[in-house]
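Before any questions on binding or motion, here is one chain by itself as structure tokens, the form predicted alone.
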Amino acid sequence: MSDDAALYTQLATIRRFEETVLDAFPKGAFYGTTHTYIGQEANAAGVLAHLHDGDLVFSNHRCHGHFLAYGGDARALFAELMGKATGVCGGIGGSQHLHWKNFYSNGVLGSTAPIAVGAALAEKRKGSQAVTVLFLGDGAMGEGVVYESLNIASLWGAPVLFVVENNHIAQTTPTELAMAGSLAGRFAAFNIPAVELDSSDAREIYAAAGQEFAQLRSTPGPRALILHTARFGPHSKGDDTRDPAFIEELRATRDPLTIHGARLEESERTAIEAEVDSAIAAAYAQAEADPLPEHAAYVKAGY
């Protein structure tokens, strides 16, 4: 499989997984809530393709795309959302709280920043050469603990890549109503080099991320990659206050699958899509048939 085909497979896998989640949630298939990654797939695919063994990834409430791009299993992720024993965390973490290998996510806004910086400093002290990647949304840049973390990361030279996915709306609040100044300026205040990219092209993001990883591995210390992106779906399941016409415009101009898929022959693209559709459908069916954990009976009984 060519690099472009592999990248498209990654994008299509994340998209089809998230579409399945949004379709099944109203039917009562999952517990809790969920925050899908539709429209932002190129970020996870482009950034996490540069991971080495031992690198760490910290995610947030919109973590499914990051988990799948990290190499996580779709069946285990479906099962986690369903509260099944075969889930990533045995069905007790749900959509937002995942741990698998060196992948961690937490739904508390900004909370992973100090954890990621601490982990990066621990790896530095061990001499492991590992890079830590922290995904943040633009909304998290309103949390004070993030700035405390930037300060320590800069002072102590933590080998961490801060990836800010700016989808221009924090839940239902447009960024311009909540953020003064610029994202790059926030990192500049702590002497952290920042690169900005306004793109939904997985190739462009892959290239920019590759340069950041190379810098981190040669000269350990914090760096930032600010990705101006587009969220096509609601914040969670149905809380989207944006004009539907605006979302359609985003889909027409900023769709990572359309942009990257145009590089493939139509026959190759449709074959990949068919294979992904089949794999995601099988993963969902397997998770649906999987058992609940033993503790589930006690929870249902009210104990």
Partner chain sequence: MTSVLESLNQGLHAAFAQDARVYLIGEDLLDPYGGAFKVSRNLSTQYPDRVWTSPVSEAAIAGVGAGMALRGLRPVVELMFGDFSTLVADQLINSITKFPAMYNGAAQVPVVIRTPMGGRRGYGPTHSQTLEKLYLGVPGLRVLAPNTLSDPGDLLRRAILEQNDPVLFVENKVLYPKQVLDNAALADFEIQASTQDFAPTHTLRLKGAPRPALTLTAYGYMAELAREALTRLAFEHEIFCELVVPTQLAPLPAGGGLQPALQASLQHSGRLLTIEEGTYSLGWGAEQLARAAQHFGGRLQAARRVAAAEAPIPAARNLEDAALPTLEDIISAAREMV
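Numbering follows the first chain given and starts at 1. Please read these numbers as outputs of a predicted model, since none were measured by experiment.
The discussion below concerns the form predicted in complex with its partner chain, not included here.
- Not one of N60, G72 and A207 places a heavy atom within 4.5 Å of its partner chain in the model of the complex.
- Note on contacts: among L136, L81, V117, I226, the single residue with a heavy atom within 4.5 Å of its partner chain in the model of the complex is V117.
- Only one of A214, A188, A178, I92 lies close to its partner chain in the model of the complex, with a heavy atom inside 4.5 Å, and it is I92.
- In short, of 153-161, 218-226, 195-203, 180-188 it is 153-161 that has heavy atoms within 4.5 Å of its partner chain in the model of the complex.
- Residue contact check for L121: one or more of its heavy atoms lie within 4.5 Å of its partner chain in the model of the complex.
- Taking the partner from elsewhere, H168 is found to have every heavy atom lying beyond 4.5 Å of its partner chain in the model of the complex.
- Interface residue remark: Y104 is counted as part of the site for its partner chain in the model of the complex, having a heavy atom within 4.5 Å.
- Taking the partner from elsewhere, L98 is found to have a heavy atom lying within 4.5 Å of its partner chain in the model of the complex.
- Residues of 119-149 placing a heavy atom within 4.5 Å of its partner chain in the model of the complex, in sequence order: A119, L121, A122, E123, R125, K126, V145, E148, S149.
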